[in-house]
Structures are given as structure tokens and as C-alpha cells.
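Next comes just one chain, in C-alpha cells: the form predicted on its own.
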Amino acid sequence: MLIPDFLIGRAARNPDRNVLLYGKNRITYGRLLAAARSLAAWLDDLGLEPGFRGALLTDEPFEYLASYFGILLAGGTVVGLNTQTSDRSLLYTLQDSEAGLLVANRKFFRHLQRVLPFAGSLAAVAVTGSREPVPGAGNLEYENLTRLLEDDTAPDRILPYRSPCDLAQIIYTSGTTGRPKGVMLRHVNLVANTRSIIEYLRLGENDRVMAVLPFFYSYGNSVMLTHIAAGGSLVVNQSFMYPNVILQQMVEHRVTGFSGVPSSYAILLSRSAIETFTFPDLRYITQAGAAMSPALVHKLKKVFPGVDIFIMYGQTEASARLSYLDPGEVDKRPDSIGKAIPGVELQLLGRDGRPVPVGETGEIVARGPNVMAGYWQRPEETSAVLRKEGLWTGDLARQDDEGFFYIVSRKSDIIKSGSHRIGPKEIEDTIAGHPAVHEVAVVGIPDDILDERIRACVVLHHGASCSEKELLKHCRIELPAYKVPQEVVFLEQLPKTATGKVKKSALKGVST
């Protein structure tokens, strides 16, 4: 089975059922499939090689989903791009993935005209609402994406054959080096994970999820796929600036599910009027993306009485999900990530590759059909995590005598801020580029809203002067907004080990 089969099957059974609801827009399964086929027909005519990488730069839900499935129907591999981008980040991803196609919303025009001349692998570009090529597009094949997606006359033609073992998607995630890595996911990986999630969440045609997470993000991608596969609906509002609006939409659209990261729930509990709302149709809520404190879990139990709370754990490298805590266990063990999802095997191993005793700490190692094919064009980094035992997640945990897992710590220095996984090295390199900076180290500090906020610890050159405001301005020029530190601490020196390595754990306790 291939990912597009989810949409094709549901459109055949219920073509007039709404799959997308956002603002005043109502998109049916039939219309979504027609738009995807129209884009696929254009791409097929271009003669792109099977497995071509099609990059998506849009936060408009219909554009994203139609383009996502259109690329897959045409035999391509989807590369979802972070919309909170910069010229440098965008160019890096296009070059690293060797994207042959870029689908973009017109709102990113300023990035496109500066980046396109240097994205040498691109053969075609489609931009919404644009009849004329974007300056800088050169001789690239060009199309008005709006026209394509509104064309419902494209025939159901025979498109390139694809196998379940072919790549369906590359999702970029930051590593400890700070250079984003492309996680390669096959159709079979995503299909297996989607079916497993549907099983334990008991999703069906009558389910409507409040989709607040971006679709380019692994968690958001799984929310999208599970509800389309189940024949349900996505109520989309990916802006948390006005949380009360989201709550009102949950009531108006009678949503049955809500999926968020810990910061999503922290915002709802502290910056909204959630206690004045009732949600008679809400059946469940899910949490993943970072560890959620037991205190926050208990608050959610009070705010959502009678609603099932699924605490989940996973990685992009596992197509999203690896474990979940059954709602019936939440009161007893709110700090647990539960047990493996259906079809997945989890074990805790020591450095020697042997299982650790119950109660002792080991690294979570996963096996299952949902585990990635590897990192795009990074064989050494792939072999470091994909070993004979399975996927070494880099997460340390313990297991109790009933088989429940508990995260102890992260092996890496990755910062989880909101829905983002952020490698500190890119931020450190950016700050180190300021002429006044001698040394810098970036760490994540616990935060009630973001889960972690970014702290930059800076040592200036002797005799140099620089303010926090100046450094943050420097960062805003060079980095996407979500990577800009929330605070800067100036130190006389960075704490180091005898071998000269910076002791980042000590920096987390530095007073500001």
C-alpha cells in the first residue's frame, strides 16, 4: 500500500465528506484528490525522474495537502519545509535534498527571488497566484499553483509505478551538530505507523481533530495522515496567537480530538479562558514532542474531565510514534511514556548492546516497520543509530516491573522549544560570527510555556563591549525566528572539563 491510497480510497467512498475545515473554507475528499491529480499530471508531463524530491513551502492547508499528495501520485518524494525559515535555511534544505521541484505560497516571494538562482537542482517551480515567473526563476519550468489546484478536469491517468519500499518523504530534523538531517521515510514506514496510531486512538470517520501543529513537523504529519486514512476531518488553525479562537472553533466544529506538544497545553491553561468552555464532543487529547510534567497532566485532567489523555513518545526517525500511555494508567503513572505501540518492539540496552535489568537506565532501542530507511546522504550518521539491534534513539530511560517506560534524560543537546527540535550549534556559530564574541555556548532552560527556552552564554573578547539587544538583533538577521535565543548571559569564561569541552550542564544553572 502507498500513502496516496489513503486519500484515493476515502475519496471513492465519501467524495463529498469534508476533509479540511479552516476559516471559511470547506474542502471535500473529492476536491482534494482532484487537485492532487491535477498537480501530478503537470509533474508527469515534465518527465521528472521517479523519486524526485518535491519541496513544499506553504502554510495554507489546502495547498499543502493537495501538493503533498500530488507529489506522491507523480512518483516523487515529499520534502516539507519549515515555514519559519530564512534564506540560508531554505537554500540549505533545497541543496541538501537536491530538490527537483519547489511548490510555494506567494507570501514567501522575498525568499524565493533570493534563493532560486542558487538552487541548482531545481527543474520546476509552482507558486500560488502568480502568472509570471518569480524573478530569479531563470529557465525553470514554471506554473501558477492556484490554477493547477483549481483545475478539476485532470484525468485519472497512469502515473509512475512506486513500491511500498520506495521513499515517500524526507523530514528534516536537527542533530547534535546543528546541521539539519533528512530522515528518509518509506511508504511502508508511514503506512505502518499510521495504522498503528489509528488502532490505539480508535479513530474513525466521525472523528474531527483540531490540527494546530504544522504539517511539515513529524507530529503534525502523523495527525494529517491518520485522519485522512480513517476518513475523518482536520479542523486547521496553526496559529496560537489567539488561543480562545481555537477553543471556540473546537466547540463550533464539534472536534473529537486535540493533538499538541506540552507548550500547546501550557498556553491553553495559562493564556486562555479554557475554564469557561465545555467540550461535549471531545473524546481524547494526545501529547508528544517533549516530556510533559505530571503537574501539567493533572491540570489537564481537571480541565478536560472524562476526556482520554494519551501521553506519547516517538521520533521523526520512527515515522513519529513509538509508545503511548493508556489513558487508564495516567492517574497512576503520569510521568511514564507507557509501552510500545502495536507492531513496535522497545527495549533498553546498555552500551554493550545487552538488555539492562529492570529499574536500571539504558538507551531506548526500537524495532518495527515504522523505523526510517536512514538519513539522506549520511551513511555514517545512519550507521551510528541504525544497528543490528534496531534504532538507537539516543534517549535514556528505565522500565518498571510492569513493563512501563520512563524517560530519564536526553543523550543529545537538542533543545525542544515549542514544537521545534533545535540543534544549538547553528545558533552558536551565528553568535560566534559577531566580532565582539570570543566564545559562546547555547543550552535549553526549562520553561513553563515553551518546554525549553534558548539561553546563549557568551564570553566577549577582552576589552570588547556588546549588549544583549545587539546580539539578538544579529541573530534575527541570520536565523529563523524560532532559533533566536530568549536570553543572553555574559560570562567571564565558560566552564570546561580537563579536556577543554564546555560543561553545558553547568550553564543551565547559571543565574541571569
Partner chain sequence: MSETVNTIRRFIFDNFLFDAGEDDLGNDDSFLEQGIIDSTGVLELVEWLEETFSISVDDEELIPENLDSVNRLAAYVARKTA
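Since the structure is predicted, the reported quantities are computational estimates derived from the model, not experimental observations. Positions refer to the first chain, counted from 1.
The next section is about a form of this same protein that is not shown, the form predicted in complex with its partner chain.
Contact check at 4.5 Å (heavy atoms) against its partner chain in the predicted complex: all three of Q84, V245 and A273 pass. In the predicted complex, at least one heavy atom of K473 sits within 4.5 Å of its partner chain. Its partner chain in the predicted complex is approached by I267, whose closest heavy atom lies within 4.5 angstroms of it.
The closest non-hydrogen atom of L450 lies within 4.5 Å of its partner chain in the predicted complex. A residue is said to contact a partner when one of its heavy atoms sits within 4.5 Å of a partner heavy atom; R202 fails this definition for its partner chain in the predicted complex, lying far away. Of the residues given (R351, K388, K302, R110), R110 alone sits with a heavy atom within 4.5 Å of its partner chain in the predicted complex. This chain lacks the partner; the member of N206, T361, S293, S239 within 4.5 angstroms of its partner chain in the predicted complex by a non-hydrogen atom is S239.
Partner contacts here mean any heavy atom within 4.5 Å of its partner chain in the predicted complex, and among 60-68, 26-34, 476-484, 40-48 they occur only in 476-484.
The partner is not shown here, and in the predicted complex the stretch 295-332 never reaches within 4.5 angstroms of its partner chain through any heavy atom.
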